[in-house]
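One chain follows as structure tokens, the form predicted alone.
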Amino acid sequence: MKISLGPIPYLWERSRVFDFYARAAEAPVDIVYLGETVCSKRRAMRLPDWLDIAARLTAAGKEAVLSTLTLIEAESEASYLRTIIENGRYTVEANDMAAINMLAGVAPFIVGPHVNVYNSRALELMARIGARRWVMPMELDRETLAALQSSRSANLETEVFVFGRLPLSFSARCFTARAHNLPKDECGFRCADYPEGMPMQTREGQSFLNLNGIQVQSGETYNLVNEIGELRALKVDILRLSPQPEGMFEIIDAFRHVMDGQLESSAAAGSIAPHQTAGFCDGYWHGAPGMHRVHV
């Protein structure tokens, strides 16, 4: 079983992005997903920058993958998507059906977590048109995964999101700009002020959601470190961890040590906890409401 590092969901300064991936090159991860997946207005990092980082990660022995935008709204975004797909070197993670349509029958690709693959027929279709890996949508539970695993193509890898704030939805509106009473087109990149998103709480002070530009995330952090044994039994090939600005490499180490049998999952959960201010959730995995924490 391998570890992957998902694309950075937040708007970070260029220097911070390059520093992050310099550390990733030395970290015990096998696959690194690169690129802007949330907002097309975020242009601090251009495609040549991502290709430069991909080359460095490849030289360090990692598999580099280019991820695409989740919400395509304009011809300029479709044109940029086409440029990514035609990069000629790196596998592409398709995060919407426009990307899959461009990749089908052209090059092997990865079905991202934002594509609704909910049954075996959809999974079979993806394999037939060229997918070599799929990432399970986060809202599915372990019983659904077990059913899909029993019928998946032998050449198709399965990846599961196991750590990070859950990306729940994307909108044409920008929630961060709205919170500052700004129009989306004049947002001033206020999301850069929130390197881990803007937390929202209920009137009772309970963590609820996390706003990240046009994306809504879970308030709590999804954490399946206690379920690694079950994921292995279900023949999951790759565990995905989503980047956060602080403590990320300590979290990667904790997962790796559990996978290698060097650390109990309960001890790993304890070592990860200080890096999570809003607490954990694992409800979706257990078929419960997503914000619930079932495994205490």
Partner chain sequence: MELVCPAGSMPALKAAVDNGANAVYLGFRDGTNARNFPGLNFDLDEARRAVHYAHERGARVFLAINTYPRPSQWQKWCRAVDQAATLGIDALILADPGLMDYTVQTYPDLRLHLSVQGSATSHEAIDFYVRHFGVRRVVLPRVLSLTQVQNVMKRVNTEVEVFGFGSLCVMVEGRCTLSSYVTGESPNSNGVCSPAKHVKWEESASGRRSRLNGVLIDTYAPDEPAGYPTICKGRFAVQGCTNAAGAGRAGRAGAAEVGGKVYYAMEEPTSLNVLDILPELYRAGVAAIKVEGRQRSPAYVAQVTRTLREAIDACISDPETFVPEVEWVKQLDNVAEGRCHTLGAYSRPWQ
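Residue numbers count along the first chain shown, from 1. Keep in mind it's a predicted model, so treat the numbers as computed, not measured.
In what follows, reference is made to the form predicted together with the partner chain, a form of this protein that is not presented.
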property	result
Touches the partner chain in the predicted complex: residue 220 (any heavy atom, 4.5 Å)	yes
The partner chain contact at residue 89 in the predicted complex, heavy atom, 4.5 Å	no
Interface membership of residue 139, the partner chain in the predicted complex, 4.5 Å heavy atom rule	yes
Any non-hydrogen atom of residue 172 within 4.5 angstroms of the partner chain in the predicted complex	yes
Candidate spot 57, 64 and 234, all three touching the partner chain in the predicted complex (heavy atom, 4.5 Å)	no
Sole residue of 156, 129, 192, 107 within 4.5 Å of the partner chain in the predicted complex, by heavy atom	129
Single option in 135, 224, 100, 84 placed near the partner chain in the predicted complex, where near means a heavy atom within 4.5 Å	100
In the predicted complex: members of 197-231 within 4.5 Å of the partner chain, any heavy atom	198, 199, 200, 201, 202, 203, 204, 205, 206, 208, 209, 211, 216, 218, 219, 220
